[in-house]
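Here we start with a single chain on its own, the form predicted on its own, put down as structure tokens.
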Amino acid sequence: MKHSKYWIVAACAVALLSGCTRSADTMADGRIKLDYWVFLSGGDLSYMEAIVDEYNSSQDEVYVDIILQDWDDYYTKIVTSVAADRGPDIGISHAASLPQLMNQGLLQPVEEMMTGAGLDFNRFPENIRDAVEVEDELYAVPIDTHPFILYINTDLAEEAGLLNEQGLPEIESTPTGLSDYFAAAKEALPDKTPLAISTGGVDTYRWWWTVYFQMGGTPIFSDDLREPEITLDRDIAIQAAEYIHNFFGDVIPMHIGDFYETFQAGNAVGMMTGVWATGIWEAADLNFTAMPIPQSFDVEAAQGDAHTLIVPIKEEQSSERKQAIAEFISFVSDEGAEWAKAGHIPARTDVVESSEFQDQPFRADYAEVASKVVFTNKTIYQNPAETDMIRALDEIMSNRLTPEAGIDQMLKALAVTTRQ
């Protein structure tokens, strides 16, 4: 716990300097006031605001104040505010960040609290439930899975003759199926971008993660919170990088400025990103299809993460306040179909199976991906390790390093990050 203590001490100092403040615990009318921190932006935020508004109007004992924080320093603010005992009552966290937050002593276990509010964790699929468990304790309530998927501009695909009789894209589940599909799009529509994605950055990393695990790649790390071994399969990592690299400069133009804008403007046949884009394309009145990344290799696998609700540590917290927190989190969990309007897949199986979710367009077409998501390893080094992997893949896709040299750089960086 040496690193945890260091972070807490440093956090306290930063918190004092930053002037973090905690608002009053009660409203003027006597209602309990809960601060709820989020980092959401774009289409996501409005859907969460609607859920909070619904909760606030559904009862007269608790008021939840949703507070938007900047994404760039969100987790830093969680650390500094909680260290100074001025943190939020509830916060959003990615499942991938839970091990680091737990190791720093910032989170309360939630299973007992949530069971008392009537939430059954058996309603979550095993991979999603496991994603919020650290050292045999549940530290968050998952509210969604948001995997990396494929979007097709249906009008352009139809113009290129790339839809089947049902009006849907038909991409073969083979190693060349995806590239063949967009090569045909390039030939049919030479003035359009066949497939849009950034040459580097997090989306290319998400694609590499998908391919690596579909090829049968081993976990990046051993399952050790503080002293993990690097278990990345070098050969498969290289093969996955080579596979993706072959798309760039062929069916994917190099260094697209804004691939979201390229797709939204109707200038790309396809694009890959997270499911949150579904709500964006609907708002833009775009004629599109949303579908899983094709199963190109032997293993069913997908990249994704989960938004979860956390309860930060507080020095003093009454049982009444804890009950209010648990009831609000349970309410958000119950409203999974409403949250799905942002494009996400509800975390709970019963919500996914509900008519409220199934009747929404597009979502049911990729909901099956949730069970195939390979979540990150439970190690305190996951977030910096992701940066290492993104940087190495950037070098490969930009032709500054060969796939072999790029993956070797990745392995060296991971070793430095984990002090091996």
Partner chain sequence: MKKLTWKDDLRPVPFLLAFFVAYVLFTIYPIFKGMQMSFFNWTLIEQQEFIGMTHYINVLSDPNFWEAFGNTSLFVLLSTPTMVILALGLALMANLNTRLQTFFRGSFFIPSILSVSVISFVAIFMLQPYTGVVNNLLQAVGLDAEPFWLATPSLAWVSIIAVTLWWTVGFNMILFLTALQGIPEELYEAAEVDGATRQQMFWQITLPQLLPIGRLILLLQVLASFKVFAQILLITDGGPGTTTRPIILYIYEMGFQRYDLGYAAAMSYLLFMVLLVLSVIQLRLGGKEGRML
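Being a predicted model, the structure only gives us computed values, none of them experimental. Residue numbers count along the first chain shown, from 1.
What comes next is about the form predicted together with its partner chain, which is not displayed.
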Is there any non-hydrogen atom of residue 106 lying within 4.5 Å of its partner chain in the model of the complex? yes
Is residue 31 one of the residues lying within 4.5 Å of its partner chain in the model of the complex, judged by heavy atom distances? no
With heavy atoms only and a cut-off of 4.5 Å, decide whether residue 239 touches its partner chain in the model of the complex. no
With the partner left out of view, is residue 384 within 4.5 angstroms of its partner chain in the model of the complex by any non-hydrogen atom? yes
Among 198, 179, 264, 80, which has at least one heavy atom within 4.5 Å of its partner chain in the model of the complex? 80
Partner-contacting position among 394, 368, 49, 65 - heavy atom within 4.5 Å of its partner chain in the model of the complex: 394
Is it true that 100, 255 and 400 each have at least one non-hydrogen atom within 4.5 Å of its partner chain in the model of the complex? yes
Of the listed stretches (204 to 212, 255 to 263, 322 to 330, 123 to 131), which one has a non-hydrogen atom within 4.5 Å of its partner chain in the model of the complex? 255 to 263
